[in-house]
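Taking the form predicted alone, here's one chain by itself in structure tokens.
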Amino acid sequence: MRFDIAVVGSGLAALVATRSLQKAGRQPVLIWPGLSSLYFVYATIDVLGYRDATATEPVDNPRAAIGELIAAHPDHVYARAGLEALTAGTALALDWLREAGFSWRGGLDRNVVLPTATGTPKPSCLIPDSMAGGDLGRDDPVIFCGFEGYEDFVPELAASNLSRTWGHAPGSVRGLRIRPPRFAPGRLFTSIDLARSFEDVAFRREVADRVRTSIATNGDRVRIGVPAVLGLTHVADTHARFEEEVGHPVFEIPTLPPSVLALRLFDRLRKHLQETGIELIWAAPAHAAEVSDGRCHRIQLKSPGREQAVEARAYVLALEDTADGAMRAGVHTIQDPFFHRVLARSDVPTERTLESLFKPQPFAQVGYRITDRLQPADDDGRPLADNVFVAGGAIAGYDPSGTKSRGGMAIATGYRAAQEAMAA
């Protein structure tokens, strides 16, 4: 199979790279290796929440902070991708969200601090409208509303944690539980069960009535935080109707994975690419690159019962993590699946991790060394192939967890890799 440009990956970097190529008038193919980590993320776009992994104060202005980060650390992933790529890629992403039918808000000049499902404050840059009411920069009291039989959100825990960290008057945060209609007492149910039910008008109205009755004594300024289950598909309409029926501002909170917010977002973006003419190759991990004369001429894909060869003029390896085949981990080595180079060695596998979950993990630093054009490089800094470019989590040192920058780094590298692929 021959294509213009091939993008390999199943994360945000792959989606942004493919959309960038499409908007530039190219005809890319998106090779979707398999399981995507997208369904397990928070489903906001975090650009830079903290200056480093040890910081406790969130960043107010991501654009300014990233400019300082680039000046101080010229080898950082943001520095390699460039602030222009982040700016242009973010504008492209917001336009794409609107075209795909989403209502989002935000920009690079301000972070919004939102409560998580455990009640901890979290800075985010671009957010769905359905989450905007949770902005902790507002003074309105918060009530976390959970559901009996739904164990992925504990409103009492969220209220207790936020009360300690938010710094507002005692009693300004509390939790409540209601029993949803149609679910028998004692039955356990999931986020998907609730999200489907909320698209039913009668169910939604009955829940709204029970919530309104439960908070009748809390005054007019209270806002309601609910788990992100207000519909699987038609979230804007479902959220608006439910808010009207409750009679108070309502905001969604992403819960344990798989996140309904992430399911809505990434399934819709992927389908939108298909609806607008982009070809997808499903469940076919790439496992070898054929390189000669400094260029990659084809990659081999694993598919049921056979291999497929994909030829393209340029390639974008937009891999997020091990979920979509970015690395092959053995007992002593970690190899990449394309050039079969050893990217890291260890005497024992436990050397790749630290005991504390809250410290930067060594395995998260493993990836390709890259050139200034985001090409995978050898130990001497020379590109392994002139027409191959890397985006996302396969880049060495790409560890956005502590700084809350996963979305921004994916957008910046995905956009920049697409521009370089076209130039190649």
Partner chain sequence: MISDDLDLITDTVEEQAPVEACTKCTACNTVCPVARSTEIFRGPKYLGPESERYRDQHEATVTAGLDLCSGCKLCEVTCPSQVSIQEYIRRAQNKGAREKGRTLRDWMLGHTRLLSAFGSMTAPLANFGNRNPVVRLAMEKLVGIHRKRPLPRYQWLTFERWFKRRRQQAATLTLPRKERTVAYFYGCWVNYNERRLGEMVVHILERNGVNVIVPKQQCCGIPAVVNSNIDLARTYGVENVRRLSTLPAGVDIIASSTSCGLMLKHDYSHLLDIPGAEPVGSRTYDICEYLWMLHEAGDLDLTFEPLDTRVLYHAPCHLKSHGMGYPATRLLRLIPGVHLEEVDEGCCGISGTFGVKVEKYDLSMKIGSRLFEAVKAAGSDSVLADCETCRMQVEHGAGARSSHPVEILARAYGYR
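Not measured: the values here are computed from a predicted model. Residue numbers count along the first chain shown, from 1.
The same protein also exists as the form predicted together with the partner chain; that form is not shown, yet it is the one meant from here on.
Across the options 132 to 140, 153 to 161, 290 to 298, 270 to 278, residues that bring heavy atoms within 4.5 Å of the partner chain in the predicted bound form belong to 270 to 278.
Site residues 2, 263 and 283 are all in contact with the partner chain in the predicted bound form, judged by any heavy atom within 4.5 Å. Proximity to the partner chain in the predicted bound form, defined as a heavy atom within 4.5 Å, singles out one entry of 179, 332, 98, 73, which is 332.
Note on the partner interface in the predicted bound form: the residue among 244, 347, 307, 84 having a heavy atom within 4.5 angstroms of the partner chain is 307. Mapping the unseen interface onto this chain, residue 192 counts among the residues with a heavy atom inside 4.5 Å of the partner chain in the predicted bound form. In the predicted bound form, the partner chain sits beyond 4.5 Å of every heavy atom of residue 165. Within this chain, residue 233 lines the site of the partner chain in the predicted bound form, having a heavy atom no more than 4.5 Å away. The partner chain in the predicted bound form comes within 4.5 Å of a heavy atom belonging to residue 303.
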